[in-house]
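Next up: just one chain, as structure tokens, the form predicted on its own.
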Amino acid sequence: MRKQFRDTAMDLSLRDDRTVMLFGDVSVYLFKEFQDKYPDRFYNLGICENTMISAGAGMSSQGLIPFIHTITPFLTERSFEQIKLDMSYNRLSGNILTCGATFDYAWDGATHQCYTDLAILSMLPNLEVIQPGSRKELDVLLRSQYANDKCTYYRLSDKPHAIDLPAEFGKAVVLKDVGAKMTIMTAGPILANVLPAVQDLDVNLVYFHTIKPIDRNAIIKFKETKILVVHDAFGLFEAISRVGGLSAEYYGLPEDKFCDTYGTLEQIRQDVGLDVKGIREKARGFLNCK
């Protein structure tokens, strides 16, 4: 997905000279062409995430459009106060793009894993939250939102799904509507496991790439069904539950516990039951539950 970020950002920058890049010593070589072409619009600030947000806010206040980028936990959890005060409180616009979503850096343990970003940033006013699941979704949503006079968060993954879906900001995608009494709701790259897990089950399936603003109409459509939210982060279930009056349950990360094992993304997903087998077993059990 980072390569798509590069390609889309490069194209946008050819058309819009207000764009500037602020990086935290990550993806720097990937953007070498950008640096060579626009040396006065690329800033590698090193491992100074708080400064990156504040500098981006300052540039935004002067009419520029910042793209701020580094590893997820360092730019969201560590810099939450700067995003809150410098960007959100001051109603400044810009784009915050991270890499290493949830367990993408599984081998580096809890310090490099992040699954709270969508939830905490969704609580901030004047801030949009997007979790693109594919390269196409990132391209479409980045183009539509990058200069929208708001601060927008994009959670990039190194393991996108390859399912070709329509992408429109704020609009969910109904993949299955079979009139079932149970609906699976999910978001982001984990769709690659969710879809094959429930494809032949008697369930509806709804997919989100925009967490905030959540597509309330898509949720309300299935309000009378039992809803199982399958997600490898926190934030989607909370956004869906705000609709109210739902019979909804979350399935994904363990409650009140760190996922402190090491390995690959696939191994950790298997450990927590977010592989195809685990999701299917949970969905079938939920389906048969009275």
Partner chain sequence: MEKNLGGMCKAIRKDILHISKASGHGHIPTCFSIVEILVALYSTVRHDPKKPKWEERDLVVLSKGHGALALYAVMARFGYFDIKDVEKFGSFKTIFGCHANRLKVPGVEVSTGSLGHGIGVAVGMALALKIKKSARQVYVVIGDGESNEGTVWEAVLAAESQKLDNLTIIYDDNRSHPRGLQITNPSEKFAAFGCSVSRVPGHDLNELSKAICSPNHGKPRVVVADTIKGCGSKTMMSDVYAWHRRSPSDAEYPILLKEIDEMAV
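This is a predicted model, so every value here is computed, not measured. Numbering follows the first chain given and starts at 1.
In what follows, reference is made to the form predicted together with its partner chain, a form of this protein that is not presented.
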> Among the candidate residues 241, 35, 225, 54, which is the single one with a non-hydrogen atom no more than 4.5 Å from its partner chain in the predicted complex?
Replying inline: 54
> Ok, 61, 261, 247, 264: which has a heavy atom sitting within 4.5 Å of its partner chain in the predicted complex?
Replying inline: 61
> Just one of 25 to 33, 228 to 236, 253 to 261, 38 to 46 has heavy atoms within 4.5 Å of its partner chain in the predicted complex; which?
Replying inline: 38 to 46
>> With the distance limit set at 4.5 angstroms and only heavy atoms considered, check whether 137, 195 and 199 all reach its partner chain in the predicted complex.
In response: no
> Could you tell me if residue 82 has a non-hydrogen atom within 4.5 Å of its partner chain in the predicted complex?
Replying inline: yes
> Should residue 217 be counted as a contact of its partner chain in the predicted complex, where contact means heavy atoms within 4.5 Å?
Replying inline: no
> Applying a 4.5 Å heavy atom distance criterion, does residue 20 contact its partner chain in the predicted complex?
Replying inline: yes
> Hey, in the predicted complex, does residue 107 get a heavy atom within 4.5 angstroms of its partner chain?
Replying inline: no
>> For a quick check, can you give me the residues of 84 to 116 that have a heavy atom within 4.5 Å of its partner chain in the predicted complex?
In response: 85, 86, 89, 90, 91, 92
